[in-house]
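Only one chain is shown below, in structure tokens, and it's the form predicted alone.
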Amino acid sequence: MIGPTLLLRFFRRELKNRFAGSLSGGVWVLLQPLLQLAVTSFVFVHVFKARVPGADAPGYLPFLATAFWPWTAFAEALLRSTTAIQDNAALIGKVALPREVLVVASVLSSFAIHCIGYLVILLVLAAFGYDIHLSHLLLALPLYLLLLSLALGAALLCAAVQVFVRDLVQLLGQTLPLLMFTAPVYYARDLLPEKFRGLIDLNPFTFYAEAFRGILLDYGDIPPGRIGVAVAIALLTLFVGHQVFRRLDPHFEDFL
């Protein structure tokens, strides 16, 4: 059982380790998304002239930003937490603690950092005149927490398996970009040939990309049935990940 005090301690430790040795410290949390937004704007809007189909469609920059930053939080959380047990092998051998805390703290820190970046991006876009529904941010929060639950379940599963299969993290590094491009992060569903439009629903992140746009940009519909499926997938992933982690936990020290 992970106590809140222990979790908070490891959460702070994760944040401290991320910014250790950085000249800008925590300021990079604000600078990085702004720089990334500037590069994205130059490449996709000014060079490729990307557009979103539909007469009432939002600009391409908010269309991309509202889905891209949640994806970044998910992908980074999964990659960083997959090696959380392996990276803390020395600590595990010396201190008796619930090993899940290492994975949970890593996931939470990624989502917290990118949540700040996401808010900065949305505020900047709104300040530049894009139609971002900032009043809907509280409605988007449960969606962000649901995505966090999905990431946490996948992270617990991958972190446990990584102890025994050391090249899993490399496989994830190749798989995650494929998952991103098979979800409507950079493009709208309507741009796909009609026979492929339903297939992208097999990617769990498709729901999140379209739901964030529906809430923050009022672009597209979010059928209640898809919400139920997303909740079921997130909870099932969290349950399976936790069960696998608990089953493999007693054998970690033998392979670290």
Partner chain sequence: MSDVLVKAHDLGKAWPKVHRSSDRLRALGRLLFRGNDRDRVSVLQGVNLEIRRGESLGLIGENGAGKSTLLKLITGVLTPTTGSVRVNGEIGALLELGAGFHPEYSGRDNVAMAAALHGLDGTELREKLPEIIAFADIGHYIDEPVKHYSSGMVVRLGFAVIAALKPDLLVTDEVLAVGDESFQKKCVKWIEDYLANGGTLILVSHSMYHVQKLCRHACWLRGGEVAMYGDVFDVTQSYLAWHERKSAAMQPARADAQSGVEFALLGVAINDDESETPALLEMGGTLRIRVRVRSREDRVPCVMIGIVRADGTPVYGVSTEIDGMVPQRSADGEYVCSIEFRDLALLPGSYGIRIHPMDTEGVRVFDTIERSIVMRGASREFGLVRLAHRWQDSTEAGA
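All values derive from a computational prediction rather than experimental measurement. Residue numbers count along the first chain shown, from 1.
This next part talks about the form predicted together with its partner chain, which is not shown.
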query: Residue contact check: Ile116 to its partner chain in the predicted bound form, 4.5 Å heavy atom; finding: no
query: 4.5 Å heavy atom contact, Leu138 and its partner chain in the predicted bound form; finding: no
query: Heavy atom of Phe128 within 4.5 Å of its partner chain in the predicted bound form; finding: no
query: 4.5 Å heavy atom contact, Phe164 to its partner chain in the predicted bound form; finding: yes
query: Among the candidates Leu145, Leu123, Leu91, Leu178, the residue which, in the predicted bound form, approaches its partner chain to within 4.5 Å (heavy atoms); finding: Leu91
query: Partner-proximal stretch of 91-99, 146-154, 67-75, 128-136 relative to its partner chain in the predicted bound form, 4.5 angstroms, heavy atom; finding: 91-99
query: Stretch 229-247 - residues with a heavy atom within 4.5 Å of its partner chain in the predicted bound form; finding: Val244, Arg247
